[in-house]
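Heads up, the chain shows up twice below as structure tokens, two forms, tagged structure 1 and structure 2.
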Structure 1
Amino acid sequence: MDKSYTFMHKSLAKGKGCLNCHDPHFSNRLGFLLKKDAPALCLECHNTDKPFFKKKHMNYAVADSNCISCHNPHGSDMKGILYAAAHKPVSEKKCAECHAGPQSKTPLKVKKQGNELCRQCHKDMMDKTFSKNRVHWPLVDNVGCLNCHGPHATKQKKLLKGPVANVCGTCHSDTIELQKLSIDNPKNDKLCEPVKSGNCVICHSPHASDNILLMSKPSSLELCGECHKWQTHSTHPIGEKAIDKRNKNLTVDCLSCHKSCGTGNNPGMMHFASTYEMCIQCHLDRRR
């Protein structure tokens, strides 16, 4: 466990240490060998009725809340052992910006639903997003931004609920599975950096884009060209004047031969298992 935190959870330094919260042999809770789920586990030590506790939580009744939606159970460099990425209203104890007040009939109820709540502070970003031709669908349902972001605090930057590939994989599991297969294949020694790092947002705009597939550039030639000098890659015709023989409505670009998010067992991120199989898709006279 990382011991570099400025603020450590007190339970780690007393009694049974890790075993205060974890069972070393068996648990059916979330895969973390926890003795109980939060908040029941937390309430064994933290008394929510104490004035000090209530003051720290702005007098909100949080006994039934999920403590680890805000706090890192082991430690943090943030006071109150908040996760490293804390939403500004949380770190500044301004819960009422998003929630009904603690004395209301519905304390903790959010004031608005979906992205309308986030628009209160992120208006410029939201206006820019919805001005694009293509908007990522999670933004327009009743959950909105919270499909991908945590409202309080998270381990990841930008309040993401998890690593980029995990968040994207919630909906795009088939693509992420191909990505994993490509990484695990020892023959794939020429993977694109976004595939190796699992960072989908290097190539795709996570919120909205004017381009197909929410790409951050209008064409694959421009997008791939940021890392790959495709102009010197091959003498094969490529670009606007190179018509794809398989579909005369398309021109030949990087994605004509390569699959950008990984291809499982195929080398070079190609659509087919060998260059021969790839090439004869267009060059029918070379079949043998």
Structure 2
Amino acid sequence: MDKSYTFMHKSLAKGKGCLNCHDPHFSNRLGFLLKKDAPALCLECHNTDKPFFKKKHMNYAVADSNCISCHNPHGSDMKGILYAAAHKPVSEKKCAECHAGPQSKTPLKVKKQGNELCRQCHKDMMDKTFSKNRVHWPLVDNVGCLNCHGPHATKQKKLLKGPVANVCGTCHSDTIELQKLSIDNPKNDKLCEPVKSGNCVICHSPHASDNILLMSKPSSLELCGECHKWQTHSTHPIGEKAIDKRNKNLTVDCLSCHKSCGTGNNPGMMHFASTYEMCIQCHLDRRR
């Protein structure tokens, strides 16, 4: 909590300030040293029965809800201290676009299941996504979009449930584990920046792609070449004329020698522990 927001939560300036909610002696489920979890924490000061409170929530009963699935407990630049990445239909209070009406018997029931709920407004984006050659598996399971996105408001941009690498890591723990080893390896003092910062979406399209491995560019020369001048990388032959002896259908590119998604303890993001071991994969005649 290091920011000064346009709208600060008034509780910060009242009573015990930070200690209204935090207690250095308790550690709650979230690990943020909170006295209690939401909603109990919030209900200490907020009366959800007040007509004004109800009206602000479009008469939906939110008393049992996780208030911080919408509100930033400290403050925000958004009205009503909603998290900055607030979904437009939420900040515009169009709850009923997704939920049954507030007077219904099951007001919070969503109108449509899975991706169909999102398709109501994201049809163009979804049509485009599902017409690609490779659609990322979590988009088509029952949970769909909500595998990665929150429906209301989130701390992270683009309504993501957490930092990108954490979201991906819920299913790709092996890949993340290898990347962690690469990051922690002291020999990798100049580790590839998007790998180091967990910026998976520089290299992979999270929804779908026409390229293998959901790659954001059709070839590694284009993908890696965006940041690395491969023409000057080395004098080693690369591209169309250099046929990979291990598989005649492949030509030599960055991925012939480098593994981008974490290589555990190998240096220089190489597939192998030493340069020698790598070179002899293709240059069999040089084997000692």
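Rigid core (definition): largest C-alpha set, two forms, superposition within 1.5 Å. On a predicted model such as this, the values are computed, not experimentally measured, just so you know. Residue 1 is the first residue of structure 1, and the numbers go on in sequence order from there.
- Both panels show the same chain in isolation, but it is structure 1 that comes from the form predicted alone.
- Treating the chain as two rigid parts that move between structures 1 and 2, residue 221 and residue 271 fall in the same part.
- Between-form comparison between structures 1 and 2 treats the chain as two rigid units and finds the smaller unit turned 12° relative to the larger, from C-alpha superpositions.
- Core superposition places the Cα of residue 243 3.5 Å apart between structures 1 and 2.
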